[in-house]
Ligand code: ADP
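The chain below stands alone and is given as structure tokens, in the form predicted on its own.
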Amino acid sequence: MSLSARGLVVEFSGHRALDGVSLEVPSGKTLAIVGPSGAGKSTLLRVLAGLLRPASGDVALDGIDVGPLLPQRRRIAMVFQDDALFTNMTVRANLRFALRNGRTGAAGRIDETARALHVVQTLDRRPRQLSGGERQRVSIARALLSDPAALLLDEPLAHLDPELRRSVRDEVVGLRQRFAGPIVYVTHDHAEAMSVGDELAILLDGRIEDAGEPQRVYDSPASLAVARFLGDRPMNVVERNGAYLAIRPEHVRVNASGEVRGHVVRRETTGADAYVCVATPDGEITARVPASQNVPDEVALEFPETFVRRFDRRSGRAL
């Protein structure tokens, strides 16, 4: 079972929220889509789920067009950023709602799914009595109980604190033990997208700028826009010989033999590492170094050729 979209266009008041988006997610794979606020991520999921009709383009399951189908008939389940649980029902009743078509063995399936997602202890509580992590686990359980062919997750960790984010993220990765269909996971968190997705897509201004294996997209972005967006710190970019050269902070070496000299203007320690920002004739360059490394005020920077990426000065595409 694969989920695909072709040429999706959505317009709001003359603005293109989606501008010809195409994608394909095979069964057993998770596509993580990352982009800034306003890039069109949630709009894309709503189109895939059937909650929003595009101006043009198609959505298909296993090659069969599901565009004419109502959302509840598409077999595409969506977990929203806010948990969207019925607050006047217990967790058990919320989960039973997903089985409202009277499938046999409902109680057993609810208990089994609740155990798998570690929410058995919540079954007789109401949503307001749960933690944020528990509510999102219940939302995922409810989506799975609807027997979907594909699963969409819209920033499910956005409102959770760091500890809960890690815990629920592990649950999402572990979904593969219980759900074999395609998953589309949307987030604005770069590290989250890299860890969850088998494939990574970068959505900027309603267009997919780059897509592929996460490490490839990170190491060798297809465009300057992706280089400047993806990563806890973006790639350093300088202009040389009619092209843009880019290198990630972790690949910039601070040593006496470096050819580019500059003055340290800022140091940001993040725990084991530190980001050293250096003013140079080419602009400000950021290098990542061990937090324990003593960096003098005046430094020399080296850019190993292996890690330098080149982009066309006019198009911004990778050379």
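These numbers were taken from a predicted model, which means no experiment stands behind them. We number the residues from 1 along the sequence you see.
What comes next is about the form predicted in complex with this ligand, which is not displayed.
Undergrad: Could you confirm whether residue 17 comes within 4.5 Å of this ligand in the model of the complex, counting heavy atoms only?
TA: Yes.
Undergrad: Would residue 39 count as touching this ligand in the model of the complex under a 4.5 Å heavy atom rule?
TA: Because a heavy atom of residue 39 falls inside 4.5 Å of this ligand in the model of the complex, the answer is yes.
Undergrad: Do residue 43 and this ligand share at least one heavy atom pair within 4.5 Å in the model of the complex?
TA: Residue 43: contacts this ligand in the model of the complex.
Undergrad: Partner absent here, but in the model of the complex, which of 29 to 37, 257 to 265, 54 to 62, 279 to 287 has residues with a heavy atom within 4.5 Å of this ligand?
TA: After filtering at 4.5 Å, what remains is 29 to 37.
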